[in-house]
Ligand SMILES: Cc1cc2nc3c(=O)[nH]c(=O)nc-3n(C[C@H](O)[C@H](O)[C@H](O)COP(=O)(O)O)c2cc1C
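The chain below stands alone and is given as structure tokens, in the form predicted alone.
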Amino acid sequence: MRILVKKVLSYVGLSDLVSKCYLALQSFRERFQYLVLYPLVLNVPLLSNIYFMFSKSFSYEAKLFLSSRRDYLMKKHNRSENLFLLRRNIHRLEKGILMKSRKKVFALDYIQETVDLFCNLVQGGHENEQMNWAYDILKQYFEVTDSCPQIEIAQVRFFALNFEGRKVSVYQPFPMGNVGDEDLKSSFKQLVTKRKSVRYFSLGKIPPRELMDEAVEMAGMAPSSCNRQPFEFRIVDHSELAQKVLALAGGTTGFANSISAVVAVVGQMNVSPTVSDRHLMYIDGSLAAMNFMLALESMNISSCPLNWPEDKRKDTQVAKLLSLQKYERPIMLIAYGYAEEQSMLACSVRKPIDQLRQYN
């Protein structure tokens, strides 16, 4: 429709006039916003709430949070398969055990919940490194804390499970080390300098899944708030599906058809117990995404992060393509593959150090 209107205006000779009027109106609107509207909204109590009352963007995030909160509470109270909560609680216990001035009794408010989660997950067939780690930390917790009724109840259920006969690894805290490694520093600098956003890939030449799994494992080593890891890597290596996903991404004009595979970094808001934690998935997901791209580069697999702006319509479309839950949404897309020979890369000069940092 927009293209048709442009053609009609051009045909009758009004294209330039309409364009000038539109730009003038846009300029007036922006000046009115920063000179009048925004100062008023910022300085009058509750006016900001009214201003955003009918915002589609904010209402969409609110609905996403409510879906996430519902799933979180349902899993928590049903003591069901909530690995996010188990990882968080075990991480909290581990930090408590490592405290220099450790309390004789701690974690009373969540130790029963943690043991219930662990036992239900084991009885549900979960046997992996996460469960081994959880077992070791819980065992250490019961060894170092003093006895009290709440701890005794949790301890009885924990040891009644008899999980030790099935576990393999033994997890102990790591000793801290401050010894520098010049070779490691040099190698890392070479890696981050070498990695560039590649936009043209060799069509049909898709990296093997074994290498992609290695990259995802390295991505999972990124820091995460309370070890909850509220993200997942959806790897789309079927070119037809990849093209459908890429058609929804912005900023791919001119090179989308050279991409055979793409990764959707999917955020999971249901790990967050409160409204204030609702952005964890964006932060932790982005940290993991950078690890992922550097891991790919170390294996000579090129990548290009693709922006995924706030757009409910596109979120709905990609959710259908990737079968996302109501509490999940893409954080970004990452095109990947082997760089096309002879293709050019943008220099993309970065900010100098004096623009990147300030002390104190």
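Since the model is a prediction, treat every value here as computed from it, not as a measurement. A residue's number is simply how far along the shown sequence it sits, counting from 1.
The same protein has a further form, the form predicted together with the named molecule, not shown here; the description that follows concerns it.
Candidate stretches 149-157, 250-258, 276-284, 86-94 - the one whose heavy atoms come within 4.5 Å of the named molecule in the predicted complex: It is 250-258 that comes within 4.5 Å of the partner.
The named molecule contact in the predicted complex: Asn307, any heavy atom under 4.5 Å: Yes, Asn307 is a contact residue.
Non-hydrogen atom contact Ser348 with the named molecule in the predicted complex at 4.5 angstroms: Ser348: yes, in contact with the named molecule in the predicted complex.
Arg199, heavy atom within 4.5 angstroms of the named molecule in the predicted complex: Yes, contact at 4.5 Å.
The named molecule contact in the predicted complex: Arg195, any heavy atom under 4.5 Å: Yes - in the predicted complex, heavy atoms of Arg195 and the named molecule come within 4.5 Å of each other.
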